[in-house]
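The chain below stands alone, shown as structure tokens; this is the form predicted on its own.
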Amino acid sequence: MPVALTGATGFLGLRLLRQLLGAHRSVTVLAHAGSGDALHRITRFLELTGAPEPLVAELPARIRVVETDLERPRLGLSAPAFHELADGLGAIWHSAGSINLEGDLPQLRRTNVDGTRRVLELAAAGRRKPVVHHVSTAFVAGARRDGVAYEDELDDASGFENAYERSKYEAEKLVHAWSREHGRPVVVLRPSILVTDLPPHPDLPSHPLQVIERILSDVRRTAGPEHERPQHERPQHEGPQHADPAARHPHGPGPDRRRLRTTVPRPRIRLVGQPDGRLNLTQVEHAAEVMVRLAGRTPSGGVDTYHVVHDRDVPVRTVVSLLEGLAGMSIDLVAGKPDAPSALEALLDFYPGMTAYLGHRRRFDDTRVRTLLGPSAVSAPVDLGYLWSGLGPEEPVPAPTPPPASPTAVPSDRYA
């Protein structure tokens, strides 16, 4: 069956493409016009991740690259080229999108909502009536931080943590409306936070958590050590100091974490969060495999939604330990915003999309996936060592943050 994929050079898209190449003879890659050599980036990914040499050698014959613009009508193609593309497809995978947690809503809508609309127009124009596989996110559940999020739920009653979540929610609503209007099946795949233990490489897409590390390091560099404590806590004789020269620049090399640990004092910051909170982090390689396996099932005819999540959540304290080690900070989780924030804490207030998740305790129900796939739906553990490996450490994994003296009990189910 001829299949097309958007976002094929992204963090998830590259893994999806590898899985699709295992299920299909050829794949049409809908690459962003002007983004560079998509085939070269795909080839480098497969080389760097140990793909068999015969598979790499076959790529030019098995991948067709079509340059498109998801924000323009007909994907920026001429009418004949658009209809020729549509008529040749039996399935469309839409993985492209922006995951910018600090982005503004208009821009995110252009990428995530309008991009979905253009893909649905392509599907509607195809004579073969291709099945659409739409990659959404489990975080369309919004700002509800406790309880259980179910696959069939899709509402905005609780609001959203950021514009990214809202844009993905609006894209899913568009998918539902299109399915009803055309009487066509759509498979919606909702992954949680995707991670990997593959170390960073300049020829690979950035690990999503690298964004958080860069924000923390940039905030620290901008504020400087003299601003690391609230004003009222600084000794009067304390003179100005220079900003940490080892902090990471957003486009430069990583920090010298050994120097950061031994010669630069670790600032202590307070972030709003739940000490007994938990987040769902899933290996991106496993998520891609599960998605393609689910796509092999006969769709119901309407919208089939699947939570592609880990069977065990990661404690927020583990994530905090990771951030402490990466950014050279000590983090205290507090119930509310500090009354007298330090300069570092004030700067972090500009990034609410990042820090909001430290207060989450909800879980995502994935009964449907586990029922269909059985034990193979279960993932390998995601622990501090796994996360540390995927962010290119220069030192051994840091010790986890010790629990409070009287920790709040965590439910003893499989999501704890």
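All of these numbers come straight from a predicted model, not from anything done at the bench. Throughout, we count residues from 1 along the sequence that is shown.
The form predicted in complex with a small molecule exists for this protein as well; it is not shown, and the discussion that follows is about that form.
The small molecule is not shown here, but in the predicted bound form it comes within 4.5 Å of a heavy atom of Leu12. Contact annotation for Pro191: at least one heavy atom lies within 4.5 Å of the small molecule in the predicted bound form.
Though the partner is left out of this view, Ser217 does not reach within 4.5 Å of the small molecule in the predicted bound form, counting heavy atoms only. Although the partner is absent here, Ala343 is not a contact residue: none of its heavy atoms lies within 4.5 angstroms of the small molecule in the predicted bound form. The single contact residue among Pro299, Pro338, Gly126, Pro205, judged by any heavy atom lying within 4.5 Å of the small molecule in the predicted bound form, is Pro205. Only one of His286, Arg317, Lys168, His307 lies close to the small molecule in the predicted bound form, with a heavy atom inside 4.5 Å, and it is Lys168. Contact with the small molecule, judged by heavy atoms within 4.5 Å in the predicted bound form, is confined among 35 to 43, 50 to 58, 379 to 387, 358 to 366 to 35 to 43.
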